[in-house]
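Taking the form predicted on its own, here's one chain by itself in structure tokens.
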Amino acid sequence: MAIQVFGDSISGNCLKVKWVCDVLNIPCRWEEVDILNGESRVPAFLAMNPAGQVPVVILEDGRALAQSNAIAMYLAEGSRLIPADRYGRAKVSEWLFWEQYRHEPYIAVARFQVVYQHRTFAELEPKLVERGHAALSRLEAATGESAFLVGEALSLADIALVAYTRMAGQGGFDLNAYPAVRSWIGRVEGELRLDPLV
């Protein structure tokens, strides 16, 4: 029996979950939820996730689970996407927490404002741009040290971070200024069999 994934294809947070399912050959049925048209705010959706956010999965036993990184951790438990050693697992968690606190709020928000609210990059709040560049600089340093974020193999950390990083150019960030990040994106896209965006 396949899990159900309720998500919007424009959302990097939703794509993370899809990619984990794809990599691990987890049967899933994708249910498109148009967040721009308020479909995550209707009673049927709010019954699954009162926070009104995508993604949400309905597991085989009927229970609902929300928050992209929590879903990804659940799906990837015991798989090659989570290191076997304790420190490696903690490093994956470190990146997942950082992604939601120091990366996604700037890179994803800039993209949303430029692509869907039709602002120019110059119109974005300077602090948003500054923090977006800080996130990309942090990734530039990390991706120059090893092939992937946690060692030499793809992990959940890479899937979580590549979702919006590969879209950063759509938000106005010039990824040519971050060559190690671009190379890392290419490696992760190769592992996930994604068509390149940059």
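Treat the numbers as computed from the prediction; the structure is a model and nothing was measured. Quick note: we count residues from 1 along the sequence shown, nothing fancier.
One more form of this protein should be noted, the form predicted together with another copy of the chain, which is absent from this view; the next part is about it.
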Open item on the list: For the three residues 50, 97 and 138, which mark the spot I'm curious about, does each lie within 4.5 Å of another copy of the chain in the predicted bound form through at least one heavy atom?
Closed with: yes
Task: Answer option from 129, 147, 64, 28, heavy atom within 4.5 Å of another copy of the chain in the predicted bound form - done: 64
Task: residue 74 within 4.5 Å of another copy of the chain in the predicted bound form, heavy atoms - done: yes
Task: 4.5 angstroms heavy atom contact with another copy of the chain in the predicted bound form for residue 121 - done: no
Task: Residue contact check: residue 87 to another copy of the chain in the predicted bound form, 4.5 Å heavy atom - done: yes
TODO: Would you please decide whether residue 36 lies within 4.5 angstroms of another copy of the chain in the predicted bound form, comparing each non-hydrogen atom pair?
DONE: no
Task: Partner contacts for 91-112, taking another copy of the chain in the predicted bound form and a 4.5 Å heavy atom cut-off - done: 91, 93, 94, 96, 97, 98, 100, 101, 102, 104, 105
